[in-house]
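Next comes just one chain, in structure tokens: the form predicted on its own.
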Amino acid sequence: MAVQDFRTCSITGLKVHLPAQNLIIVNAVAAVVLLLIGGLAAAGVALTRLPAVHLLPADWFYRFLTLHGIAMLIAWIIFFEMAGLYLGATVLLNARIAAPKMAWLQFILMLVGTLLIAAMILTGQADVLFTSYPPLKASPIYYLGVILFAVGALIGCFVFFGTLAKARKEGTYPHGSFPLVTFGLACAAIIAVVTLLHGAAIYIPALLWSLGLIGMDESTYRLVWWGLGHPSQQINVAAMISVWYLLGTLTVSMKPINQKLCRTAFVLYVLFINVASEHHILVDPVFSSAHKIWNTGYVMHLAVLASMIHALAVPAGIEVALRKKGFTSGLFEWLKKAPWSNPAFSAMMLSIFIFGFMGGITGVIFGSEQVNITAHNTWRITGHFHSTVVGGTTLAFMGITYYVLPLIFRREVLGMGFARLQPWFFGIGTILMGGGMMLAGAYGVPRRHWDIVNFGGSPFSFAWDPTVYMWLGVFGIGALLAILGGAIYVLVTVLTIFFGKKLA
């Protein structure tokens, strides 16, 4: 191993492989840029859904909605996860990255794919929303962009696995099992491979269909597509919880209270978290009602068990670590004296709360066949996945950024006062936004409609319960707060990268 290929972080003492550092940087930068683009699209969508503003015309609303879904649910998160995989396989294991040229190919393919997708959406050649259901048809270039992005992400996962093998072979991490964070990221990568193969299985035929070379059965498309669409968010769950364990270690020196139990929970994710996707196709005559009830009810609870284990293990580990620091007075002194001024810690705790109490619980309820049949096409579902992906995953990734900046970019965080406020703006905004969506959806507010007052000039009149407008107001306030929190995050990150004090 060439010593000159490594440097030692002056803050953490971790060794960083320089080729891996460059790959972490470019993937993380691309992720932040896409978060900005997705956030701008989110502002357009939110201000249009509010009847008092109703900003965009119908065509641009659906374009912004498509761009928002792709940028936030897929591109920002997976680019950041690529950076996380390389960090977890190299920095945490003191290892060299395997096949760095292939890792650069991963970045190039994902970047080119993202640019093609965005270009097709913004030029009106892909007005198909996030799900792109046939018979809606986009330009072949759109499907090509999705395929390139997916192939790039697959390459990144295989580079990650190769790096783990390299660490074992070269003896840079000769201990028993890999660290829990790396183990969790490995489980996320396994889920990602299964998910992306589903994407290839449906987007390659969709490309051929858009070229007029083959036909497309709509039910088959929906069934296979949700093998991509639903599990892609389960990649985020495993990665997010890995980040929780890492942030717990970095902020309060947390140690998992039971390593074997935590690892078992990650394995349960690999085996069972990809089920329950059938709640997206409950009215499709693909499977029997008995099978749908079994899939969305009983089997999914094995994945819920895994989440319950983590929900106990992470806060318990934090409590034990803080009590060891001397905060032992009463039941909650440890919580009161926790390092709330550290934005990474507050982001982690808000992520745990929002994901667990708003996202996780509503996911179990709304994902069951009996409830979902009435809830799925309402704003309740949108509120649920904003609680999981925005309040959970995105907030956790924001938190770890405050350690990635000094560790990888070697810059002292600039504007720490704003950074301390950022998780609170974003977290409280997400709580109000997701809560407003779910409570308005309980009255039947539709999930995607551009005009919920006049329904696009429909000849049938409809009057909402006045309470709906109160919840729409709560949603609007929350959306603006979350957008402000996201803007502060992007601003602090960008200013730190360019103008932050250089660390030795």
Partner chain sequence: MSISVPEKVWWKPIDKEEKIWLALALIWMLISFVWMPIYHFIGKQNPSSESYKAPRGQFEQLANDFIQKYQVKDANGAPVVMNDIPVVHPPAGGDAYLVGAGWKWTPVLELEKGKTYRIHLGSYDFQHGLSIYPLNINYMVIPNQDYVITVTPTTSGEFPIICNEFCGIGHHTMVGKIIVK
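Treat the numbers as computed from the prediction; the structure is a model and nothing was measured. Positions refer to the first chain, counted from 1.
What comes next is about the form predicted in complex with the partner chain, which is not displayed.
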Original post:
Any of the heavy atoms of residue 169 lying within 4.5 Å of the partner chain in the predicted bound form?
Top reply: no
Original post:
Does any heavy atom of residue 289 come within 4.5 Å of a heavy atom of the partner chain in the predicted bound form?
Top reply: yes
Subject >> Contact test in the predicted bound form: residue 56 vs the partner chain, heavy atoms, 4.5 Å >> reply: no
**OP:** State yes or no: in the predicted bound form, is some non-hydrogen atom of residue 278 no more than 4.5 angstroms from a non-hydrogen atom of the partner chain?
**Re:** no
Original post:
Using a 4.5 Å cut on heavy atoms, which of 339, 227, 179, 140 is close to the partner chain in the predicted bound form?
Top reply: 179
Original post:
Which residue, 388, 232, 378, 251, has a heavy atom that falls within 4.5 Å of the partner chain in the predicted bound form?
Top reply: 378
Subject >> Segment assignment from 74 to 82, 143 to 151, 429 to 437, 126 to 134: heavy atom within 4.5 Å of the partner chain in the predicted bound form >> reply: 126 to 134
Original post:
Using a 4.5 Å cut-off on heavy atoms, what residues in 356 to 383 are near the partner chain in the predicted bound form?
Top reply: 367, 368, 369, 370, 373, 374, 375, 376, 377, 378
